[in-house]
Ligand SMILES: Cc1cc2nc3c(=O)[nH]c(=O)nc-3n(C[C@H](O)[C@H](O)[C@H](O)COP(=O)(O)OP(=O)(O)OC[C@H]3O[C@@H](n4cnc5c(N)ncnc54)[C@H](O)[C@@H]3O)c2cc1C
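Taking the form predicted on its own, here's one chain by itself in structure tokens.
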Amino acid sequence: MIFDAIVVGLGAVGSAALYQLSKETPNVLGLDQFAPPHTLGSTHGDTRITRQAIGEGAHFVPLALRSYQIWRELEQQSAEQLLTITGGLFVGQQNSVVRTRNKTGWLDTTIQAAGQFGIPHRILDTLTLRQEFPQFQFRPNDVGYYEQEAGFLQPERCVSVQLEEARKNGVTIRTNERMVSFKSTEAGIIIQTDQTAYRTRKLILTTGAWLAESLRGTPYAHLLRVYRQVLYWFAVQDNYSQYTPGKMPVFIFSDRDVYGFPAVNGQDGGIKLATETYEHPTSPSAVNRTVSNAETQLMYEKFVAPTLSGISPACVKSAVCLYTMTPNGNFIIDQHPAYPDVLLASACSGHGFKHSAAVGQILAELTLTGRTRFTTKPFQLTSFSAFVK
């Protein structure tokens, strides 16, 4: 048997690609070395921010808008809620030089993208911010961009639903099975796993923090770096109702490098916040998955207490996830440099989940027809030539 496509790695993008492929052909195999959704990669932690105007670059906006449509489609098919609209509050200083995911001008680019694509929003001065959002502590000259349709996705549920819909459409899914190698032959791509071998016309690698292994021996071998990130849930101390989705938006304070969510797990579940650190590259096998008390205390003192009111230093829980970063914060969506029938996708750099549904569609289109309706030039490997030695 030869598959039309095999997808290796069934996290955010892999599950999306498998679902999109399944709508066109059941002759598809999905493989994962674990049993997704799981907590060993980048697709876990209860919630992920989604927004339509993208500060990482306007070229991401079509992916975000299409993903919104796909999430709603999936909700109708599955009767599961995946996307919750809370509004999104994104705060910073205009003309800021602070770098967010390897790019400057994050808030300014967000505002420009909203105007370019007609995304409903409001611009709020510091006084208005203080009046409308008493949960936060604002600095003088803070500017707020409020997007009405921003909110959060439930990543574990999104992955599960897409895999289940793909199964309903007849695809084969094998979990707890690790790909060991692949090779190109006249008869197709041969994938060897730790259990057996498979043959396919097209191979899609969506292996997240493990993707760098597939680029060894190419000029892009050192393009990706993996970083450990910690998610924290701190207890709400006062006025819990003000921190619920009906009252509090998702938020990003770009100049302070902190983001978070309303409280979604009940009064004892805490409020989720995180920052981003890029000091020490790691790997999935070497990453420290234990969060120390010192880390938690530093997070509260440096990021939580100066940003929010009414949040206790008591940490309800924490989790470690992995960011797979490119040098400029863009994704990789392209053919493997050595294998034209192998597609790579790393919708990553810390802001990939919101786009993952559309990236899955792109991969399915490229796999089955060789072309896509989306512009992918910014995501091709050649766009990273300045970073390749």
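Note that the structure is a prediction, hence the values are computed from the model and not measured. The numbering used is simple: start at 1 and walk along the sequence shown.
Keep in mind that the form predicted together with the named molecule is missing from the display, and what follows is about it.
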Using 4.5 Å between non-hydrogen atoms, is residue 34 touching the named molecule in the model of the complex?
-> yes
Does any heavy atom of residue 60 come within 4.5 Å of a heavy atom of the named molecule in the model of the complex?
-> no
Is there a heavy atom of residue 129 lying 4.5 Å or less from a heavy atom of the named molecule in the model of the complex?
-> no
Using heavy atoms and a 4.5 Å limit, would one call residue 5 a contact residue for the named molecule in the model of the complex?
-> no
Checking 139, 222, 178, 247 against the named molecule in the model of the complex, the residue with a non-hydrogen atom inside 4.5 angstroms turns out to be 178
Among the candidates 358, 348, 364, 53, the residue which, in the model of the complex, approaches the named molecule to within 4.5 Å (heavy atoms) | 348
Which one, 160-168, 262-270, 223-231, 304-312, holds residues whose non-hydrogen atoms are within 4.5 Å of the named molecule in the model of the complex?
-> 223-231
In sequence order, the residues of 143-163 that place a heavy atom within 4.5 Å of the named molecule in the model of the complex are none
